[in-house]
Each structure stands twice: as C-alpha cells, then as structure tokens.
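One chain comes next, on its own, written out as structure tokens in the form predicted alone.
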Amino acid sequence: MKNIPYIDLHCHLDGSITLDIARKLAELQNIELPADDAELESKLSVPESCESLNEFLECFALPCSLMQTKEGITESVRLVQEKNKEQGVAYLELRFAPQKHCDKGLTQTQVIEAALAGLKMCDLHTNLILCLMRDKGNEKENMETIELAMKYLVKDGGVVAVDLAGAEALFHTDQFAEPFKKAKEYGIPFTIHAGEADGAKSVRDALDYGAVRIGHGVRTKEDPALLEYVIKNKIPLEMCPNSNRQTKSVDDMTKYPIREYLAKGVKVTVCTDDPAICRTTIAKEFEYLEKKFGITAAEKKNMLLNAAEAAFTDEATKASLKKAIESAF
C-alpha cells in the first residue's frame, strides 16, 4: 500500500491543541503555562484511566483560553492544519463554536474571519464547520452562528456547514429546532452530534431537522427501524472510536458496533474527534480498529471512500480524493 490519503471529517479545533501547539500559542500571546510538560499534558489530554465524559470535557478549558484573540485563533488553525498534514491527512474538516472564543471581547464575526485567515496559511485542503452549542440562555448566540454561516458559506475553501455540539445528554437534540429550521431554510448543510451521550432518539431528531451526516451515531442501533433508515438513505456516521471509548459512550468496546454497521452497509467514516485530548491521530484510529476488530484493508478503503463522498466540499474535490484512495490501495 502507498501512503494513505487520510480524511478526517470530525475534528474539533479546541480538541486539537497538543502540547507543542499550546506552547507556541502561549508564547505568541504572552500567556503563562505550567513549565512542566507532564503537568501541561495532563490539562490538555485525558489519561487512559479517563472515567467519564465530564473528565473528558475538562480538557477543553485550557485550549479555549489560548484562542481568545485573533492571533491565537489564526495561528491555532494554521498549526493544527500543519500537524494534520504531517500525519498524512489529505482532507480535513475543522469544527469550532465561534461563541466559545468571545471571552475577551471578540465578536463571532471576528472569530470566523480569524479562522479563515489561518485557513489560508497552510496548503492542506481544509474546510470549516461552525458549531452551535448545547446550552441554556444562548439562543441568540446560536442564531447568530447560523446567520454568519449563511454569510460566509462556500462550497469549498471556507465555511461549508454547521453542527451542534456540547452536553448531549443534558441538552437534548429536540431543544434546538429553531436554528436548524433556519439552517435548512438557508440551504446550509449540517451535521449534528447525536447518538453519543444520548440515545437513538437524538439521531432521529437530528435527521428530522435535516442533518445529512451524524456526528458519532454509535447508539443508532438502539432503534432498529432508525438503523434501517440510516442504511437506506445512506446517512454517513462520523465514528470516533477512541473518543467513544474514553468518554464511556460505549461501556464495553468489544461491543462497539462498527463491525455490525459495516456488515449492514452503514456509511461509516472514521474520525479523531479531539486528537490532542484523546492522544490520537487518524492513522492511530485505523490502527486501533485493525487490532481490536480485525478491520481489513478493503474495509479501510471503503470507509475512506465513504468519507470522501460525505465531505462537505465540491464534486471535483470528492473525485480527486476518491482517485487518490483508489490509487493508494
């Protein structure tokens, strides 16, 4: 096999801030960080003994604090792209919530423009997904994100879609009808985190809104009729094995449904979710699946082709990615 052109469709910007990137961002902005690498690492990533989603979510605080200026956001986008390029990624979709980067006075517009500036500083083929947040009292911010997604929406080379992220089990998907009604009206493509911390109903709600992809979707199988719908309608699932293992979305990884989904024809894609927090890369995700579940080269190729087809990009890019994948295998 030649070098694999990896595709990562589900990668959070704030979950991609590795120790070396954190130190560069801190130096740029004169922010003091723990001098000890082990201490800093413990704030940026979870240990193998991670016990819960709450412990996992604590790791977002520090990286977010490093991305509250235009310079911090631009440089983080550039550095995360460079790291992915080094790791063999050929196409990347980075997602972030503009409203989470306004603590020091930036507007969502300024946040998005800073991210777009960073996008242009690396030649890795990367697109941006803007996240709405599951929270209370942020309806205005979520609607603003939709409006700005419409303003900046392109087919490729910038903002290409929106998403809904956050505490899924606390703020259920069925509470966010209004912003996605507007997104559908505007013709903005969207994926939604669902079927991770919450059950199959969250996946059904996301699809009812008009989601064309599902972030995670690991619990889709809890509703057999829904699983059949996902198969029939070729809904891609952005599966993130090590993240699901660490957040305890799946109690027993021997029962992780990726083999079942592949056998039934689900459009499975493999993603990192939060590579720095999970201490992973897209190549490591596939290695894990190969060792744990015996995923074959043919299945790996199939999942990469699924990702190329599911990407929020233009048809020419999809065709180019598929050609590169075919050539690699």
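Numbers follow the displayed sequence, beginning with 1. What you see is a predicted model, and the numbers here were worked out from it, not measured in a lab.
A second form of this protein, the form predicted together with a small molecule, is not displayed here; the remarks below concern that form.
Q: Is there a heavy atom of residue 101 lying 4.5 Å or less from a heavy atom of the small molecule in the model of the complex?
A: No, no contact at 4.5 Å.
Q: Using the partner position in the model of the complex, report whether residue 261 sits within 4.5 Å of the small molecule, counting heavy atoms only.
A: Output for residue 261 is no: heavy atoms all beyond 4.5 Å of the small molecule.
Q: Give a yes/no on whether residue 286 approaches the small molecule to within 4.5 Å in the model of the complex, heavy atoms considered.
A: It does not: once the small molecule is placed as it appears in the model of the complex, residue 286 has no heavy atom within 4.5 Å of it.
Q: May I ask you to check whether residue 213 falls inside a 4.5 Å heavy atom distance of the small molecule in the model of the complex?
A: No, residue 213 is distant from the partner.
Q: Could you work out which of 127, 243, 173, 220 is the residue within 4.5 angstroms of the small molecule in the model of the complex, going by heavy atoms?
A: Flagged contact: 243.
Q: Within 4.5 Å, heavy atoms only, one stretch in 119 to 127, 223 to 231, 191 to 199, 153 to 161 touches the small molecule in the model of the complex. Which?
A: Of the stretches listed, the one contacting the partner is 191 to 199.
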